[in-house]
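A lone chain, given as structure tokens: the form predicted on its own.
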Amino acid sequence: MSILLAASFRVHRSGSRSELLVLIEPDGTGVFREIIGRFNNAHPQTPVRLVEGPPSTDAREDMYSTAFLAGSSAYDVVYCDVIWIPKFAAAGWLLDLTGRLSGADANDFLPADLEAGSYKGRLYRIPAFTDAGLLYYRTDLVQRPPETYQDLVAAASRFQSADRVGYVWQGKQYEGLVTNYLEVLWGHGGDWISPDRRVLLDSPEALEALRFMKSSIDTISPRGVSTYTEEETRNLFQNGRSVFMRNWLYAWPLLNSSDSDVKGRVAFIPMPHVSGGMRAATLGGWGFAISRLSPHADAAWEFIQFATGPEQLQELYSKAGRIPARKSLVPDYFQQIVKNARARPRIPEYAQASDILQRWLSAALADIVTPEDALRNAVRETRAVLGE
């Protein structure tokens, strides 16, 4: 299915051999087109052509992977999610950018985002936007924001009503479920895969984290939460139909837009933790890399420098709500959140490991298996993939 989807979006270069192609998500605000238009006006010999792919991150990853596996130089500039770099770099698909970044830029980009663009000590991706998971809440209802998961359950139970649920999060079987689970897992003091590739889900902390997520369904969270992605949760919360919401930074300007039912009545905090644990946010974000097969690597680098420059990133924040991955541009109220964001396991087999965890978490949430069996199976299958 993914190969057919990739083929359906196949693009061909125009007669200009120096044209650069970049694949991104649908450009709903048009801001990417504006930025690329300015670059093209200044670089008519090496214009960039924007290819708008499907909204699904997984589908666009498949499109890039299919092109690379075919030995195609279809996409010169690779617009990368943070979790793609180990896989793409280990496969030899990306150009090593180590040494190209100026000292000033290296000092300005967020360290975690630069690290997320690196593999085995070499830099392959220049960060553009950062992201992190956090907990939004209604300030007109909740006077004291929760610190622990016990506090969250108590407040969500107290303020939910016939037309307002307590807590919404992303429970559909996709990458978002993994990020939600990781934040609960880290908040319980556990971890998924260690830097030395050990699978750590056979722990009391991992089990308690999954039990918490499962116990929230039909109590403080609606049954349908196991089918929700970011936008379903945002729409419910933004329409005043939830007390708490786990989501990403992008939701903040939307929740305070003129058409939001909760405008001026929302705040956010880092995700809760158990007593004695620590708050944690999953690191997200996007950046730009260069295909090793591109015949125009230097021109692609010029575009990346332009696109990740302060002026362009500030424009993307003001028009599309994307949080710049530069320390100097991160709004003050997000500084602490992004500072404490944690990366997902930086392994070439990440896609397989994530797919395994998604499947078994989803099975547990749907009562197909017990939480104990779900984690036991996830551990066994992940260890087989990693060769542990």
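So that there is no doubt, residue numbering starts at 1 and follows the sequence shown. Rigid core: the largest C-alpha set superposing within 1.5 Å between the two forms. Just so you know, these numbers come straight off a predicted model, no measurement behind them.
Here the subject shifts to the form predicted in complex with alpha-D-glucopyranose, a form of this protein not shown in this document.
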Next on the checklist: Within 4.5 Å, heavy atoms only, which of Pro86, Gly176, Gly187, Pro127 is in contact with alpha-D-glucopyranose in the predicted bound form?
Outcome noted: Gly176
Next on the checklist: Please tell me which of Glu232, Asp81, Glu208, Asp105 lies within 4.5 Å of alpha-D-glucopyranose in the predicted bound form, judged by heavy atoms.
Outcome noted: Asp81
Item to check | Contact test in the predicted bound form: Tyr119 vs alpha-D-glucopyranose, heavy atoms, 4.5 Å | outcome: no
Next on the checklist: Since only the chain is shown here, I'm wondering whether Gly285 would be in contact with alpha-D-glucopyranose in the predicted bound form (any heavy atom pair within 4.5 Å).
Outcome noted: yes
Checklist entry - Contact between His43 and alpha-D-glucopyranose in the predicted bound form at 4.5 Å, heavy atoms? => result no
Checklist entry - Does alpha-D-glucopyranose get within 4.5 angstroms of any non-hydrogen atom of Arg359 in the predicted bound form? => result no
Checklist entry - Even though alpha-D-glucopyranose is not shown here, does it sit in the predicted bound form so that Arg49, Asp76 and Gln305 each have a heavy atom within 4.5 Å? => result no
Item to check | Segment that reaches alpha-D-glucopyranose in the predicted bound form - one of 255-263, 167-175, 210-218, 313-321, heavy atoms within 4.5 Å | outcome: 167-175
Next on the checklist: Could you pull out the residues of 239-273 that have any heavy atom within 4.5 Å of alpha-D-glucopyranose in the predicted bound form?
Outcome noted: Trp248
Next on the checklist: On a rigid core superposition, would Pro26 pass a 2 Å threshold for CA movement between the shown form and the other one?
Outcome noted: yes
Checklist entry - Once the two forms are fit on the core, has Pro54 moved its CA by at least 2 Å between the shown form and the other one? => result yes
